[in-house]
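Coming up is one lone chain in structure tokens, specifically the form predicted on its own.
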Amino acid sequence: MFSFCSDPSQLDGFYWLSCYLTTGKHMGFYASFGTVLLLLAITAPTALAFGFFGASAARSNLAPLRWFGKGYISVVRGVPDIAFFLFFIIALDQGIEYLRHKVKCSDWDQPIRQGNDFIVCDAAKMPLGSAPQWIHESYGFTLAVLTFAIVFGAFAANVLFGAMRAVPRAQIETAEAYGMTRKQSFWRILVPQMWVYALPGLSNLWLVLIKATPLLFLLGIEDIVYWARELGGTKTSRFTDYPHGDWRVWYFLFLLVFYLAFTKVSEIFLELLMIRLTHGQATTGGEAQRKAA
């Protein structure tokens, strides 16, 4: 990046470090923080949507829909996250390619399953082998977002289901007595009030989601953990212009500080949000605000 970085072997001290920290690989490391933040920005509302529909289905009067909602909550919450991530990514990817293979390569006369190999025609590959690199990265990122959303959506559904049941039944009955339909009482009475009961559980879920982002490394995405291990490992002059020893402890220490700082900012925001939601509510927090006023 700097003009004096043309010959790293002649550098020392601050100049060596400034050139080392501005190499192309380090730019990828810095960009990976944006990947993590983008994952959280997309996954959090998507998982919340999965959770809301899962909780709504679990309390439905229709038995099949209720079974589906409760089954989704129980099954996904009962499977270890890592096992679900690794299984679902492979299963979804192969499922997409299988459907494309049936449509695009109907004249294929060989078995798709050949021992341990899953083989489809080139036209069914997802994405295509000739596709640009950003297409491959976007496809992998999309699968990761969907997997995170399904997993954390099940936990969110369990939290929201409990929050819906925590809203006093008398308020729903009062709404119905005033002539509101079940749908109106759900959207106007139940949903606005359930968030104050759901926020503590959703807050914990958000912090768990933050800590789960390093799982991107297991899904083949070049996230901050991948780059920390890649850049921190021992480098010799034979493989790099900036040889150094095993610096992984410093890179992972930087990640530790990043996650702690991000968690602290999240806690402050969530605390302010809780104060806003409890204002005027018949809860302990709302009563404390009324007494303070």
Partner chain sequence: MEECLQTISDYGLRSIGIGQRLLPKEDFTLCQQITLIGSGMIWNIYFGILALLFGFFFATGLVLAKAAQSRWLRKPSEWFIFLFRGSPLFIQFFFAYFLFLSLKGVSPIFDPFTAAWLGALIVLFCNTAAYTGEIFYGALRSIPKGDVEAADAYGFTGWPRFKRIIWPTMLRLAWPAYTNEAIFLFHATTLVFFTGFPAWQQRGDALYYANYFADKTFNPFVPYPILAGYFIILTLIIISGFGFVNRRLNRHLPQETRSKLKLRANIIR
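Residue numbers count along the first chain shown, from 1. Just so you know, these numbers come straight off a predicted model, no measurement behind them.
We do not show the form predicted together with the partner chain, though everything after this point is about it.
> How about P80 - does it come within 4.5 Å of the partner chain in the model of the complex, if we only consider non-hydrogen atoms?
It does: once the partner chain is placed as it appears in the model of the complex, P80 has a heavy atom within 4.5 Å of it.
> Does at least one non-hydrogen atom of G71 fall within 4.5 angstroms of the partner chain in the model of the complex?
Residue-level check for G71: no, no contact with the partner chain.
> Indicate whether V208 is a 4.5 Å heavy atom neighbour of the partner chain in the model of the complex.
Yes, contact at 4.5 Å.
> If you check in the model of the complex, is L253 within 4.5 Å of the partner chain, heavy atoms only?
Judged by the heavy-atom cut-off of 4.5 Å, L253 is in contact with the partner chain in the model of the complex.
> Which of these stretches, 200-208, 176-184, 101-109, 134-142, has heavy atoms within 4.5 Å of the partner chain in the model of the complex?
Looking at the other structure, the answer is 200-208.
> Would you kindly say which of I221, V196, I150, V159 lies with a heavy atom within 4.5 Å of the partner chain in the model of the complex?
Of I221, V196, I150, V159, the residue with a heavy atom within 4.5 Å of the partner chain in the model of the complex is V159.
> Considering non-hydrogen atoms and a 4.5 Å limit, which listed residue (A58, V225, V36, I42) is close to the partner chain in the model of the complex?
Exactly one listed residue reaches within 4.5 Å, namely V225.
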